[in-house]
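Before any questions on binding or motion, here is one chain by itself as structure tokens, the form predicted alone.
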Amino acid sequence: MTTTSVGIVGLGLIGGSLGLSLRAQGREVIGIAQREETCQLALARGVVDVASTQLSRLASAAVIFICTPIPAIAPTVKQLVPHLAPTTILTDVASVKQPILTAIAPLWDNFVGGHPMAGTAAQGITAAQADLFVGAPYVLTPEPQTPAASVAQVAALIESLGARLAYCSAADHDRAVAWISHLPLFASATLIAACEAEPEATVLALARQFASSGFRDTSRVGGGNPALGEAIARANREELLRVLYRYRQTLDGAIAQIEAADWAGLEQWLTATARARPDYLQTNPDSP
């Protein structure tokens, strides 16, 4: 068994894009989906070599990517275990790491936590693209007990995608992504909700009519998959609350400057944020 045989559970945007990229390298890809319709679509699009709704078909895979929604990861691993060889490597793509690692630890030793910081506004297998990970950060969060050889095999696969490989602890990962991924989602959703709360129908209609690139860019992630947002809030609740509280404090500070007509202070604050922004734009601009 070699890493030329790769399994993917969950053939949505991320799983489908992994399949396209790995098959382009000549690797055999075995895909698992809940629906037979998705399996047929994956075969038709060239995402996988073999598609099935049965986890047992992954018995020959050397490395398996779990690309299901966050709540389904641990149950999927539990169902997979009876079909796995002791050397099989499991990895995931969830945007929260500590709860996943905690849940998987008693189920499977050979697990490497992972998170590709890549995505698009579109979802599902029809949105999959072979170059989705090119240039984007892909974080691995191995534990001290994670087999080094397994980490190396997963890392080699990630680098073959053209992604920028990074390592950190699961706790540091969850704290960092709370700022740059999870907070933007809820700030964006709050923006939409605040606009929708406009009581004057004429003004609301005009706001919708005039909305352009600024609103589109700042509202994109807030208009995404509701189930994903809820799963993130559940899984990373403590860190999300921490950054939301800090965000609220910062917003209150801006309100106070405007209420006090402190235009010099406001300009200084906006100058500082303008200078800081480029430090956050080294990643894929379409990352969620």
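Every value quoted in this text rests on a predicted model; they were computed, and no experiment measured them. Numbering starts at 1 and follows the sequence shown.
The form predicted in complex with another copy of the chain is left out here; the points below concern that form.
> Name the residue from L84, L107, A72, L204 that puts a heavy atom within 4.5 Å of another copy of the chain in the model of the complex.
Of the listed residues, the single hit is L204.
> Sort through V134, A103, V151, I180 and report the residue having a heavy atom within 4.5 Å of another copy of the chain in the model of the complex.
Here the answer is residue option I180.
> Whether P144 contacts another copy of the chain in the model of the complex should be assessed with a 4.5 Å heavy atom distance threshold; does it?
Although another copy of the chain is absent here, P144 would stay clear of it in the model of the complex, with no heavy atoms inside 4.5 Å.
> Mark T273 yes when one of its heavy atoms lies within 4.5 Å of a heavy atom of another copy of the chain in the model of the complex, and no otherwise.
Taking the distances in the model of the complex, the answer for T273 is yes, it comes within 4.5 Å of another copy of the chain.
> Report whether the minimum heavy atom distance between I158 and another copy of the chain in the model of the complex is within 4.5 Å.
I158 lies outside the contact set for another copy of the chain.
> Taking heavy atoms and a 4.5 Å cut-off, does A189 contact another copy of the chain in the model of the complex?
Looking in the model of the complex, residue contacts with another copy of the chain include A189, since a heavy atom lies within 4.5 Å.
> Could you tell me which of 242-250, 37-45, 51-59, 24-32 sits within 4.5 Å of another copy of the chain in the model of the complex, going by non-hydrogen atoms?
Contact criterion met by 242-250 only.
> Given a 4.5 Å distance limit between heavy atoms, list every residue of 210-248 close to another copy of the chain in the model of the complex, or none if there are none.
In sequence order, F210, A211, S212, S213, G214, F215, R216, D217, T218, S219, R220, V221, G222, G223, G224, P226, A227, G229, E230, A233, R234, R237, L240, L241, R242, L244, Y245, R246, Y247, R248 come within 4.5 Å of the partner.
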